[in-house]
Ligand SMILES: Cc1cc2nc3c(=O)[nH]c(=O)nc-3n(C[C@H](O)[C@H](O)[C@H](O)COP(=O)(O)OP(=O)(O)OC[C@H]3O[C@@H](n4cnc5c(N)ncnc54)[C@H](O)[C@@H]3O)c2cc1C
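We begin with a single chain expressed as C-alpha cells, specifically the form predicted on its own.
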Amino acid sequence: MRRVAVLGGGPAGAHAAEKLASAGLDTLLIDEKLAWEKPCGGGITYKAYKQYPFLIENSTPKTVVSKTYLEAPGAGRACMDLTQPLLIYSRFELNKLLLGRAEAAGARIEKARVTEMRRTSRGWEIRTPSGSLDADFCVVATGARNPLRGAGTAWTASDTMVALGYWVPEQRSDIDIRFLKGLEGYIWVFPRPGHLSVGICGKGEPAAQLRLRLETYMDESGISRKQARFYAHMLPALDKNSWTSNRVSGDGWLAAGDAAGLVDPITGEGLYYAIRSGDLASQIILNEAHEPSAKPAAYRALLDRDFSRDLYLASLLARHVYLGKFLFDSVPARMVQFVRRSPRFRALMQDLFAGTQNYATLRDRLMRNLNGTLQEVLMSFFFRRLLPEGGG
C-alpha cells in the first residue's frame, strides 16, 4: 500500500494518521477546519488516558475533575467523588495536541474541504476545491456531519441526538449533571480551562425545546448568559435497530469516530471511541495478513470484539435509563438516591464515570448488588431519620 488518505482531522482522524505515519506509510490528512472548538464537554475518562497515557502526560491545558454532582426531579442532589479523575479539555486544544502528534510522526496535513471521494481502478481520487489527489486506501473520519454519503454511517432521524449550549466565562472545579423529566438526555456543566461548557443533549425533542430547558436551568442556577457564546451540534446516538447494519467500512475505506456512529447512546461520550477506532483502523490497514479486499470485514469484526457490541447493548438500555421506572419512581431519581445512600451503587457509578464498567456486565453487577444496595439505602434512610444531621 502506497498512500492512505485520512479524511478528517478530529480525534479519530488525527490518531489514525499518527499511527499510520509512525509505521512509515505515506499518510495525508485532509480537514477543512483542523483544530477547532466543538460543542461538547471534552471529557477524557480514566479508561482513555490509562490506555493512551499521552492524553494525560502532556503540557496542554486541562481541568482535572475529582467530584461530580448528580440531580434529578424529586430526588434532590447527590455529590459523588470520582475514584479516577476525569480530564476536561477545550476541544480546540485537544485537537491541536492530536494533530501535532500526527504531524510529528510524519503525516502531511492539508487544510481543505473534501468534496468527493471517487473510486478508480488505481484506488481513490479525493477531490477538494483546489484540485484532486490519489490514494490507495481511505480512513473516513469526517465527523457526525459527514458530507461523503457513500461512506460512513447512513443516518436516520432516530440515530442522532442534539447537543447545544453555551460557553460561559466562569470557573468552577466540579461537574454538574441534571436529569430532566421526560427527556432522553441530560444537562451538563463541565469546567474547561478558562470557561464552563454548559449544555444539554437530548433525543426525540426539538432543538428549540431543548434550548428552553437549558436556559431555564441556567436562570435557576444563576449561570449568566450575558457574555456566553451559544453553540449547537448533532451527535450520533444509534438506535438499537441500526447497529447490525451500521456502515463502518466498505471497499477501500474504513470509518472511525462520529462518522462511524461510534458514540455511547446513553452518555453521548465519543472521545474514547474516536481515538480507539482510529487506532483500530490503523491496525487493520497496517496488518499485511489482510488483503485490501478483506480489510473492511476484518475491521468490523475487530470493532465488534473491542467495543461496538457494548455500544449496541447501551442502545438497548438508553431509553429505560432516562425514561424508565424503578420502585415507583423514575430511574434517574433512583440513581441519585442510591448514589447518596448506597456505597455499593456509588462504586458502580464511579466505575461508569471512569469508563471501566461496561454494559455487558452491568446487569449482572446490578443484580448481584441489588439486595445489598437496597439494604444500604434503607439503613441510610432510617439512620438519617433517627440521627438527623447536627443531632446529638
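Residue numbers here begin at 1 and follow the sequence given. This one's a predicted model, so the numbers in the text were calculated from it and none came from an experiment.
There is also a form predicted together with the ligand; it is not shown, and the following applies to it.
- Within 4.5 Å of some heavy atom of the ligand in the predicted complex lies at least one heavy atom of Pro147.
- With a 4.5 Å cutoff on heavy atoms, Ile266 does not count as touching the ligand in the predicted complex; it lies far away.
- Within 4.5 Å of some heavy atom of the ligand in the predicted complex lies at least one heavy atom of Lys33.
- Proximity of Trp243 to the ligand in the predicted complex falls outside the 4.5 Å heavy atom cutoff.
- Only one of Phe179, Trp188, Trp253, Trp124 lies close to the ligand in the predicted complex, with a heavy atom inside 4.5 Å, and it is Trp188.
- Comment: the ligand is not present in this chain, but in the predicted complex one of Arg118, Arg108, Arg113, Arg172 has a heavy atom within 4.5 Å of it, namely Arg113.
- Here the chain stands alone, but in the predicted complex its contact with the ligand, taken as any heavy atom within 4.5 Å, falls in 271 to 279 among 317 to 325, 271 to 279, 218 to 226, 284 to 292.
- With contact defined as any non-hydrogen atom lying within 4.5 angstroms of the ligand in the predicted complex, the contacting residues in 5 to 30 are Gly8, Gly9, Gly10, Pro11, Ala12, Gly13, Ile30, given in sequence order.
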